[in-house]
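So this first bit is one chain, no partners, the form predicted on its own, shown in structure tokens.
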Amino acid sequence: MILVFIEHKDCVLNKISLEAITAAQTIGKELGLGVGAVIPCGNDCNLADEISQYNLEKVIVAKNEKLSTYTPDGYTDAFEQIIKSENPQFVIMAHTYQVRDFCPKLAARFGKEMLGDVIRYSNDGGSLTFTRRIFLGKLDADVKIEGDAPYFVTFQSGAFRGDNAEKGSASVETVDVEVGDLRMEPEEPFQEAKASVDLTKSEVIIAVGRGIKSEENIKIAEELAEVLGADIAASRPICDSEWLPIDRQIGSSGQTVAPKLYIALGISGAIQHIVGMKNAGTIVAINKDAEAPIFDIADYGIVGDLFDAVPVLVEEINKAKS
């Protein structure tokens, strides 16, 4: 069996967990393993009915009042009991801040390591090789997990698409779990000041990176944005140079977006940027470097000079409109 962690707050689903379901279903089909989902919850869990609409063997609600609010101690205690009961081969999670907080602690309970931030995997006769980025996305490392199960794997946001999670019907099982002393008391989540530009609501985004070369050249991206009715965004170096305001920054230290269309101009695809836009419906990348990491996640790619490609795109879009 494969167990999937379902992340939520007050029974409101963190939709990145659907990506973990897709990952587990995909691996499960290849290895002939069933998939179950685990939801830690303090009370009767309304989210269980929603998750049960996916093609899973069962949905397990790990119930204890101490699980009403996330703590690493509470979640680790709960998952340890469920894993010992279900004896899964894999425990799969989305690589969120919460997961990277408690999953290493959970894996250590079983004398295992956590293989984190995986971007893809390959299957060689039932032997899986996982790939993760290292050195700020400059290199890919292929990793095999050795030893006995369970194996703890977390997938980077966007490695799988949540809307590809297969629908179905699953039974719901509530398990009362024991949770020991909690050594910390969580505070209210930090709320960032509201950005003057809310790119999370944009349906089309044109993002520029170092390849734009100068502030004056941003007008080229603005021309494309105008014909597409898009918003302008940027990678961190552009905002650090003050060519665009900070509220236009996409990435781990900026906004996280999921537009229908994301066009990346001169963006290499450092992991800090990718985590902020990987959930876009369609990703188009234009970059002179054929080995740029952005092409690994792009649905469509143009290897070439953006100063040649963008004017042609603008011209062709205008022709299509007329």
Partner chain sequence: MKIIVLMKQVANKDAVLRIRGDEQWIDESDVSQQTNESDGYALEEALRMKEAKGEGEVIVCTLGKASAKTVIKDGLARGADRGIHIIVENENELSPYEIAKTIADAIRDENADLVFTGLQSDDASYGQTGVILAELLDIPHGTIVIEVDRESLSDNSLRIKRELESGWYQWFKYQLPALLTIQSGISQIRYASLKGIMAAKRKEIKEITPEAFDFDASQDIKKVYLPLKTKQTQMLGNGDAKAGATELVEKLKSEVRVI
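Everything numeric in this text was worked out from a predicted model, so none of it was measured. By rigid core we mean the largest C-alpha set that fits within 1.5 Å across both forms. Positions refer to the first chain, counted from 1.
Same protein, other form: the form predicted together with the partner chain, not shown, and the subject of what follows.
Participant: Could you tell me which stretch in 171 to 179, 213 to 221, 228 to 236, 81 to 89 has residues with non-hydrogen atoms within 4.5 Å of the partner chain in the predicted complex?
Facilitator: It is 228 to 236 that comes within 4.5 Å of the partner.
Participant: Look up in the predicted complex whether residue 252 has a non-hydrogen atom within 4.5 angstroms of the partner chain, and give yes or no.
Facilitator: Yes, residue 252 is a contact residue.
Participant: Any chance residue 244 has a heavy atom within 4.5 Å of the partner chain in the predicted complex?
Facilitator: Residue 244: no contact with the partner chain in the predicted complex.
Participant: Find out whether any non-hydrogen atom of residue 50 is located within 4.5 angstroms of the partner chain in the predicted complex, and reply yes or no.
Facilitator: Residue 50 lies outside the contact set for the partner chain.
Participant: Hey, in the predicted complex, is residue 166 touching the partner chain, heavy atoms inside 4.5 Å?
Facilitator: Output for residue 166 is no: heavy atoms all beyond 4.5 Å of the partner chain.
Participant: Does any residue in 18 to 52 get within 4.5 Å of the partner chain in the predicted complex, counting heavy atoms only, and if so which ones?
Facilitator: Counting only heavy atoms within 4.5 Å of the partner chain in the predicted complex, no residue of 18 to 52 makes contact.
Participant: After a rigid core superposition, would you say the CA of residue 202 moves by 2 angstroms or more between the shown form and the other one, or not?
Facilitator: Shift at residue 202: 2 Å or more after core fit.
Participant: Cα of residue 180 displaced 2 Å or more between the shown form and the other one, core superposed?
Facilitator: After core superposition, the displacement of the residue 180 C-alpha between the shown form and the other one stays below 2 Å, so no.
Participant: Please state whether residue 67 has a C-alpha shift of 2 Å or more between the shown form and the other one, with the rigid core used for the fit.
Facilitator: Result for residue 67: no, shift under 2 Å.
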